[in-house]
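First comes one chain, alone, set out as structure tokens in the form predicted on its own.
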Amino acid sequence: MTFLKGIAHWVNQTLRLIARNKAGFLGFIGLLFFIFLAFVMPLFVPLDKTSRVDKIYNPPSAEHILGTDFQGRDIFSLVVHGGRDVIVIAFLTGAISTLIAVVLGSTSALLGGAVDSAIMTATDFWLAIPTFPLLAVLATQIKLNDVWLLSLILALLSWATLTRAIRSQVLSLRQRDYVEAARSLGMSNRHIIFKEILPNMMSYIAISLVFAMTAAVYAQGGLVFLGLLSFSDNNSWAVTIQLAWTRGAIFFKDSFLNIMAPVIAIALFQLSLVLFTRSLEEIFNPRLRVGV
């Protein structure tokens, strides 16, 4: 019972912190909306795969609230079913790349010496690699139609910049008095990193995770738009854009929603992520919690 009360108190406190910042709260509501749209709505809105030549580029109506595409399919159903893979890939890529950066950056800053030199040399080498061209080449050689594999490759290509930033943060924090006190008391590096340093970096890490997610959305969308990712049974917003573009939707005046509906969905999802970082700062930074 005490454990449940603790969880309820934490949830209540976190929601209050999220609600303090109007922009951050708007982003939080936006994220909840897209999670509901991508994971719950498909249970009620079936994916329309039927071609209807008599309904091509129909305008919005009671039957098709966003109109129909170049095959006469319902655009709303494409938007509903197009978000799941985008959100999952964004979260997995952000989580994996952030984890790699935190481990390598912290290890480099704490151990120093040869370990620091080796990790920073590898990081500098990785930073010099043209990421998206390499990703495009890999997409031609590897069948990237698996969500986990694509997320792992995107993460492996995007950890370097954050690793340097994490290293700088840890080098700064390790000079603080409380860290010096822990070191003088003989605390282990494990205790110092997990108990003294990382808790004070959670705001920075959480925001970095969000921005890694936004970069993953763009990378995935770019690959799909260039035709370098295999189309799966699951639709995605980028697939809808790519098909609309290759089928010449831009040349028809009634095809506006065919292209813009998935574009707006991606833009609003990205905006929700960015706005949510405002609340994350207050959740993880006690100095911003005045009056709570």
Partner chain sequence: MAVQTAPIPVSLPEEQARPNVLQRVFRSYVFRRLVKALATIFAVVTATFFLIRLMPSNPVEIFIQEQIAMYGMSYQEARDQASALFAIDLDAPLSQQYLEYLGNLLRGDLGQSYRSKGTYVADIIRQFLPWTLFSVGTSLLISFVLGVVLGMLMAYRRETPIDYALSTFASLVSSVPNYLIAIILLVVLGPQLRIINIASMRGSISPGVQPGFTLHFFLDVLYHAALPIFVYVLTTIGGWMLAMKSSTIATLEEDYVTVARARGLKDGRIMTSYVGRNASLPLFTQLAISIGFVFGGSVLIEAIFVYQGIGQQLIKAINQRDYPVMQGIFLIITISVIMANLIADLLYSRLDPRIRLGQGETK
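Residue numbers count along the first chain shown, from 1. Only a predicted model underlies this, so the values are computations on that prediction, with no experimental measurement involved.
What comes next is about the form predicted in complex with its partner chain, which does not appear here.
Trainee: For its partner chain, considered in the predicted bound form: do all three of Asp146, Leu152 and Leu243 come within 4.5 Å of it, counting heavy atoms only?
Mentor: No: none of Asp146, Leu152 and Leu243 comes within 4.5 Å of its partner chain in the predicted bound form.
Trainee: Look up in the predicted bound form whether Leu43 has a non-hydrogen atom within 4.5 angstroms of its partner chain, and give yes or no.
Mentor: Although its partner chain is absent here, Leu43 would stay clear of it in the predicted bound form, with no heavy atoms inside 4.5 Å.
Trainee: Taking heavy atoms and a 4.5 Å cut-off, does Pro133 contact its partner chain in the predicted bound form?
Mentor: Result yes; Pro133 sits at the interface with its partner chain in the predicted bound form.
Trainee: Just checking whether Gln270 would be counted as a contact of its partner chain in the predicted bound form - the rule being heavy atoms within 4.5 angstroms.
Mentor: Within the cut-off, so yes.
Trainee: In the predicted bound form, does Phe36 have a heavy atom within 4.5 Å of its partner chain?
Mentor: The answer is no: Phe36 has no heavy atom within 4.5 Å of its partner chain.
Trainee: Which single stretch, out of 76-84, 94-102, 194-202, 214-222, brings residue heavy atoms within 4.5 Å of its partner chain in the predicted bound form?
Mentor: Residues of 214-222 come within 4.5 Å of the partner.
Trainee: Name the single residue among Leu228, Leu47, Ile56, Leu31 that comes within 4.5 Å of its partner chain in the predicted bound form, judging by heavy atoms.
Mentor: Selected option: Leu228.
Trainee: Since the partner is left out here, which residues of 237-273 would have a heavy atom within 4.5 Å of its partner chain in the predicted bound form?
Mentor: Residues within 4.5 Å: Ile241, Trp245, Ile250, Phe251, Phe252, Lys253, Phe256, Ile259, Met260, Val263, Ile266, Ala267, Gln270, Leu271.
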